[in-house]
Structure formats: C-alpha cells, structure tokens
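Encoded as structure tokens, the following chain is the form predicted alone, with no partner shown.
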Amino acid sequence: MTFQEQLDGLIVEKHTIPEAFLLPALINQKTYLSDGELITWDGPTHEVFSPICIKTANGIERIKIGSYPVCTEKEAKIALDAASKAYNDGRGEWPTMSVSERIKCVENFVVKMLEQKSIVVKLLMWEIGKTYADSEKEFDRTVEYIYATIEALKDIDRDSSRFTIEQGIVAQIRRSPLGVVLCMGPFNYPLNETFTTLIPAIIMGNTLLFKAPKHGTLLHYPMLEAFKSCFPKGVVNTIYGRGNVIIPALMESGKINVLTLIGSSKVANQLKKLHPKVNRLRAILGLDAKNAAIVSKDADIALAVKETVLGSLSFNGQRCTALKTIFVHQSIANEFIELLNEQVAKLQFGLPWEKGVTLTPLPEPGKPAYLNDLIEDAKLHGATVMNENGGTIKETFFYPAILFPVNHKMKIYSEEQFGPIIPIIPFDDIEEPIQYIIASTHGQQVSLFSQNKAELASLIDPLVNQVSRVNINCQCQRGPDSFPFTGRKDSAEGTLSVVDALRSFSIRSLVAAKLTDENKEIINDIVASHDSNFLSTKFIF
C-alpha cells in the first residue's frame, strides 16, 4: 500500500468501522454532580466531535459523539459552596472521618469504576484519538494507581498510629487535609493524570471541585454515579463550562485552598494571581515542558534513535514528558538522521482501533495548522524536513516531521510543539546544549545518550540542578508511579508520585501534651474509648 493510499484510508465510511469499537449511541450528557445530586441541565451544551473523520454526503466530517453541559458561573459557585459546606472548616463528615473509612469509600468507587471500563475506554479512543490498546492501558494503569495510593496511605497511617515522646512531650503526628481542592486535568491523559491528583486529594480528606479537560470530558460522565454513591454529599462536585468564564470567580472567592492543574504555566499564573489570600493557596501544578535529548559523539546511535522515536512520537508527541528537542553531535548527525528516518518510516499510522497503529489523528482542531506553521517558520530560517512525507496533513492527521538543522531563530527552538515534530539541533561543544537547558524557562527532564562514563558523570551533576530528572540512555518519562514526578522553573510546582501526592494534598498535624500523669490518663482514655479518629492507635491492615 502506498503512502497516499494509507493516508486516504484515514477517512472511512461509518458503516466500515468495526462494531466492537463503536459507541453504543451518542453520549449526550444532561447531568452534572453537585452537592451529592445528579442535577439535570437544560441549558446550552457543547457538541463533542471526534478527531476521527468519515465520508458523508456533505463531504469529510469529524464524527459527532455527544455533548456536555456548558454551565455558568452560577452553577460553579453553587458547587463551590457545596464543597465548602462538606468540608465545613475541617469539621465535616469527610475530613473528620477515619482513614480506614475513607479508604473503604475509595475501594467501593474502584469497583463501580471497573464496571464502566468498556465505555470509558471507548470514549478515550473516540474523544482524543488515542489507540484502543493505549486507552485500555490508561484505564488499567489508573486503577493500579488508585490501589497503590490506598496501600501507600495505609503505610503512612501505620507509621502514624504510635505516639512520639521527646523532651517530656508526648505527641501523635498524622497528616490532615487542606480544604477545598480545584482539580483540572489535561486532555492527553484525561483519565490517568487527572486521577493522579483527584484520588490523593479525596482520600486525604479534602473536598473537591473537578473540571474535566476540554478534550476528554465525556469519558468522566459514566463515573458520575459512582462518585455520587461512594462519597458523602458535597465531597465530589463536577463543574462544566468555559474555563475563562467559570474559574476566575472560584479563585476570587478565596474559598479554594488547593489549585491542582496539569496544563499551561500561563493559565496557572493567571489563576494564582486571582486568589485574594495567596498564602492560603497551595498549588500542585504540572505545566509546560520542552525536554531535551543530548546525543553525544560517543552514543550508541541505534539505541539513541530507538529512544528518540519512542520519546518524541508516543501518542503523537502529545505528552509533557515527550522529547521535544534533540541535540546531536555534528560528527554523527547524518548517521543519526538517516537511521531516524528509517525508524519513523516504519511506524504504522491509521485509525485508533487498528492493530499495531502508533500514529493517529490529533484531537485539537487547529493543531495540524499550528504544526505546519512551525515547519514553515523553520524552513524560512534554514531548516529542512529530512524525512519523506514529513509534515503531510490529512484533515486531523499530521505525519511526523524531522527538522534539521534547527537554530535559535526558529519558533520550534523554544516553543513546546506538543505534537509529532522532531527538531534536531547539531552541536560541536557540549556547552551548547547545557546553555540551552540553563536558559530554558522549562525544567522537567533531560535524556543523555553516551557510552562515555566520564562524560555522563560530568553532565549529571550540573543538570540535576536544572531539571528534576536526568535519564541515561533512555527517553524522558513519568513512571514508575512510585518515583517523584515534578519539575523546576515553569514546568511544575509540587511533587507527584504515589506517596508524594498524598503528602502534597495534606499537612502534618499533631496533638501534643506534657507528659504528666493527668495527661497520660486523658490520652489513654480517649484512645481506649475510640472517641477520636485522629488520636488513635488503630492499625490498618
């Protein structure tokens, strides 16, 4: 099959789509969760169109898969009041509940979530164009993350179930919640990355306002009933609408205690400035990244190319951890590019349900045009598209482009493309990529490719002070989930991992008393009577 035939195959007639991958019907969401009730919405809705296109009598069109409510500032404020009431200044049922009881609620939620796996996986595929196989992996990984979070919290609570005695003071130290959390997730991992903040926030005793991403909204709809039935009234509230319309008022209220956002640093900065009590606001943010790879003259070129392909083009390069700038030593640049061209050409592209597909249509309507603009700008300043068919557009699909040589005059040099473009910058002096990383506003990760131990050692020490993770002879990545995930500069605020997330959404609190006979008796009586969930020696198994 020729390239053009494969390209044309991206546009199909609806009746040719395998029945096993079809949605049962249009998902026209008419309810949202607020104050423990699924409220019917009869106002404006936003139509959701898949990046997958079909042939129709009117020409080529994106497939409509459903719609969701476009609520207003009024509904958002009502949800905020519900979350605030449920928290009740730390006196609500949820924040004062025992850890073991909160764990049971989350475990019940997972059971109900698993019942919705089939529809959630299909919506992941249809809404954002992720392959069916990767959509299943995202769901399964999310469930694994929730169970890992539960086990991590049990470990933390076990360590906290004893008393500490120091300098005549007896104390019990535990973690307590922070308050009302505003949670906003990303479109590229709308389930997994959203739940890596949402679940720790809830399980630590906070109450929640949850706004789904613009692309990847509908997939949360099947789980609303589970949220409603598994958690007390007002603990989880979903808000819908235009972010620039409903979010500012929430921040300006001063009632948001924690902002968690995985998105752009520009948006995060604007939202934080709206909060009237800045010292009361905690932010857990996963933001922009422009991760670089440095391929030295002593690199294993085949390995470097393999990891570059994975790092740059997994899920079409739409990952914050993607490799978005590749520095290659001038002496090996031609060999590297030749092999890279070969490997990219081997990647299968097509529709998300097709077996073996790795490259799929892009969910953002204006993305192909934006990527094409980056390429044209790079050409204007001396770069060439090195791979055959690189940058070819077919409706919502963009075929990967390898650009070389890239320089500082080009937009792609500093802008995060968040898509399938691989910019290659040649260098002679290792100081060039180091200075690039130092000057960058981003500081998430870097990948180093070299077989020279001394060279690697000389790079590790300065670079760990510029980025949060240095990867040796492998792509940048988030996992394993037990590893800390964060960034420097404008790339992140706060640290996420299974354990770090629990800490991020809580604060260490303690009950202390002088070690007198009277206080010993009081503490023992409280513990024995089980009247306090905080002051307790209960051990969770």
Ligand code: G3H
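For every residue, the number given is its place in the sequence shown, counted from 1. Quantities reported herein were computed from a predicted structural model and do not represent experimental measurements.
What comes next is about the form predicted in complex with this ligand, which is not displayed.
- [ ] Sort through S67, Q477, S497, S506 and report the residue having a heavy atom within 4.5 Å of this ligand in the model of the complex.
- [x] The residue from S67, Q477, S497, S506 that makes the contact is Q477.
Open item on the list: By the heavy atom within 4.5 Å rule, which residue out of T321, Q172, S450, S265 makes contact with this ligand in the model of the complex?
Closed with: Answer to the contact question: T321.
Task: One stretch from 453-461, 338-346, 355-363, 183-191 that, in the model of the complex, holds residues within 4.5 Å of this ligand by heavy atom - done: Result for this chain: 183-191.
TODO: Using the partner position in the model of the complex, report whether H329 sits within 4.5 Å of this ligand, counting heavy atoms only.
DONE: Answer no; every heavy atom of H329 is more than 4.5 Å from this ligand in the model of the complex.
Task: Residue contact check: R282 to this ligand in the model of the complex, 4.5 Å heavy atom - done: No.
Open item on the list: Residue-level question: is K297 within 4.5 Å of this ligand in the model of the complex, judged on heavy atoms?
Closed with: Contact check for K297: no, nothing within 4.5 Å of this ligand in the model of the complex.
Open item on the list: Taking any heavy atom pair closer than or equal to 4.5 Å as contact, tell me whether R141 reaches this ligand in the model of the complex.
Closed with: Yes, R141 is a contact residue.
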